[in-house]
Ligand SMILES: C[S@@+](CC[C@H](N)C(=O)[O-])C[C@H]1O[C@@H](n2cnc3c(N)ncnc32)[C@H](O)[C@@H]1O
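Next up: just one chain, as structure tokens, the form predicted on its own.
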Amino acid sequence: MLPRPLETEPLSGSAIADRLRALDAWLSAHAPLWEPRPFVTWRPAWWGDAPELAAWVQTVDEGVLQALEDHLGANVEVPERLASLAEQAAALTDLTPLARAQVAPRGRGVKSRKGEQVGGFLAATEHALRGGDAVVVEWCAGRGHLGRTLSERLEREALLLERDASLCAPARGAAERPRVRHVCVDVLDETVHHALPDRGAFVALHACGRLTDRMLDVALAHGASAIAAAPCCAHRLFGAPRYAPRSAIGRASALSLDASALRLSVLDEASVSPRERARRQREHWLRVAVDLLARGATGLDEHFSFPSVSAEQIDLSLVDFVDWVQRTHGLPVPAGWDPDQVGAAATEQLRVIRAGAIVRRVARRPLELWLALDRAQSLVEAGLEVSVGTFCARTATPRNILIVGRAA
């Protein structure tokens, strides 16, 4: 069992590579537990290798399950192996805040959680951005709260890059501030290079998936004086088949992460409202019922997949929902099926699926940090001075890991 490190400083220098290697070894060793998706594979192979854990998944009490879904470290009795894995994961993902105090963001319309994120990001990156006159480049800027506030605090020009024209200041009828320019551009397009200064300070707060990697590539190509990135939505690959490791350590890894595997890194409900969680559970129950009917009709132990559904469809009765899936997606349905019986079976199967998801969720934060450190290590290899830590509480956003690099 790994001891939990008491980090007093952000990860930097060789500590980034050391932690990345440790995470890689742990994720690779326990891949059979987290790679199978509980909704798709109802009886994963690891059930035979870990009978105590498999028995717990099939019999765990609903109260215990809910407590663990609220907080994986809840004070409830769990199998020894699950407790040990959770302790190891906590040790491997222990991070220190990059800043102890927040900076209040400027501007109207900044919601409280967004304000916490922007304020924490500012406080955590200000030291790296201070000095010089580098233009601040906010990548995937949205409404530009971060870039505008950095421009004011640093008394520096800011370039806000955003693809959605409706979010750019001129499109909203808002006047550009002094030293701030909003450019509507798709950052995945090569034309983005024409808008960029050399040696700019590049920042990105939750640029989805491959958009963060694109920023790192472009920033390095333009000789960035500083880079700060809080990655988000790792599964958004924008057409790429899988995540392309950036560092030498990542490229040597046995892990192969497609969109399905990457989605695990964002399966966290720390900031989801009870109402939204209840709607998700309702949708999951409906989908499990559909799966039961398909497996019963075909005799095959295979997942019946169909696209996302609307809120209106989630509110349908089980009979009407099954009828809709049958009409629109060709669901095979046994003759004379009993809605009450199928509904009860779906409730029980969903409980087992949720318990399996608890086992899988132990790897969520390690995978998220592995991705962040692979990016951070690539910046180290490019010659930057790099730090990795958190920039806000998980209640503000579960995606609270920040990479900060500065040209040496």
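For every residue, the number given is its place in the sequence shown, counted from 1. For clarity, every value in this text was computed on a predicted model and none was experimentally measured.
The same protein has a further form, the form predicted together with this ligand, not shown here; the description that follows concerns it.
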Next on the checklist: Is it the case in the predicted bound form that L167, V187 and L205 each bring at least one heavy atom within 4.5 Å of this ligand?
Outcome noted: yes
Checklist entry - For the chain seen here without its partner, which of 308 to 316, 257 to 265, 69 to 77, 133 to 141 has a heavy atom within 4.5 Å of this ligand in the predicted bound form? => result 133 to 141
Checklist outcome for this item: Checking L331, L92, L211, L220 against this ligand in the predicted bound form, the residue with a non-hydrogen atom inside 4.5 angstroms turns out to be L211
Checklist outcome for this item: The one option of R156, R287, R295, K114 with any heavy atom within 4.5 Å of this ligand in the predicted bound form is K114
Checklist entry - Taking the shortest heavy atom distance, is R246 within 4.5 Å of this ligand in the predicted bound form? => result no
Item to check | R163, heavy atom within 4.5 angstroms of this ligand in the predicted bound form | outcome: yes
Checklist entry - Taking heavy atoms and a 4.5 Å limit, what residues of 18 to 48 are near this ligand in the predicted bound form? => result none
